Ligand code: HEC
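Have a look below at one chain only, the form predicted alone, in structure tokens format.
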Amino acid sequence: MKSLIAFLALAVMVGVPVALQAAGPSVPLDAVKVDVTNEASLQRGARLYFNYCMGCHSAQYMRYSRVGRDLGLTENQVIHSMIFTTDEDGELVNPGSLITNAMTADYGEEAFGVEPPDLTLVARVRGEDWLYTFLRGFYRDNSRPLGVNNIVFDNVGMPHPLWELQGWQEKHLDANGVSRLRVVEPGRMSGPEYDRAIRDLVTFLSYLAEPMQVERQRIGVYVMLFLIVFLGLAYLLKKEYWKDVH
């Protein structure tokens, strides 16, 4: 048994990091710190998502009404700021609907070569640092069908959705032969402003992937306190049972 435990511990300490490193990206990721309790940041991120991402990427495992409630928005704000999809009668879908768009899988494949993925869980699948680096990593590449590429996702099949905010970047080699991106045509935002905007967008995507994470962490504290108290009681009970056993 001891040898088995030692083997499993060794696998956790050695095997898992190696596997993660092998599956990791080929470029360093920029770290981002998001705060899903920051309601203002979530609202700014939601505005970016619904204005720049929603046309191609759905979030079909989340409802408009849930997002509005969690972000402190009224039903009217949700209807006028988030809902752009219509039903069969041409009317806007109701706030209780799932967040979908009008793009079909066939049209997505025809336009981009692949169906645009749903973004509900993308923050959990890719990670927040990956998203932050990816959304800041688009650059001009005339060899690509849409004229852009991405330093994190080579040969990406999507355009740069936020080019008017960031501007256009080009890739070049620095003095050490390392690929770097630099803005050659400024957008409406400065570099720091765009970085903050992307942090807000990643914050919203992080919330979208796990809307219960704040509540889960709060409940987790109480669970740990309960287990600590239970451990103390179990230890005292064990001593009482075994006090006469020599």
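All figures in this text were calculated on a predicted structure; none of them were measured in a lab. Numbering starts at 1 and runs along the sequence shown.
Below, we turn to the form predicted in complex with the ligand, even though it does not appear here.
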Identify, from the list L201, V67, A209, V36, the residue with a heavy atom within 4.5 Å of the ligand in the predicted bound form.
L201
Residue (of V114, L173, L92, A102) lying close to the ligand in the predicted bound form, criterion heavy atoms within 4.5 Å
V114
According to a 4.5 angstroms non-hydrogen atom cut-off, is R126 in contact with the ligand in the predicted bound form?
yes
Can W168 be called a contact residue for the ligand in the predicted bound form at 4.5 Å between heavy atoms?
no
At the 4.5 Å heavy atom threshold, is C53 in contact with the ligand in the predicted bound form?
yes
F153 within 4.5 Å of the ligand in the predicted bound form, heavy atoms
yes
Please state whether every one of the three residues Y139, G187 and A197 places a non-hydrogen atom within 4.5 angstroms of the ligand in the predicted bound form.
no
If we check the ligand in the predicted bound form, which of the residues in 117-131 reach within 4.5 angstroms of it by a non-hydrogen atom?
P117, L119, V122, R126, W130, L131
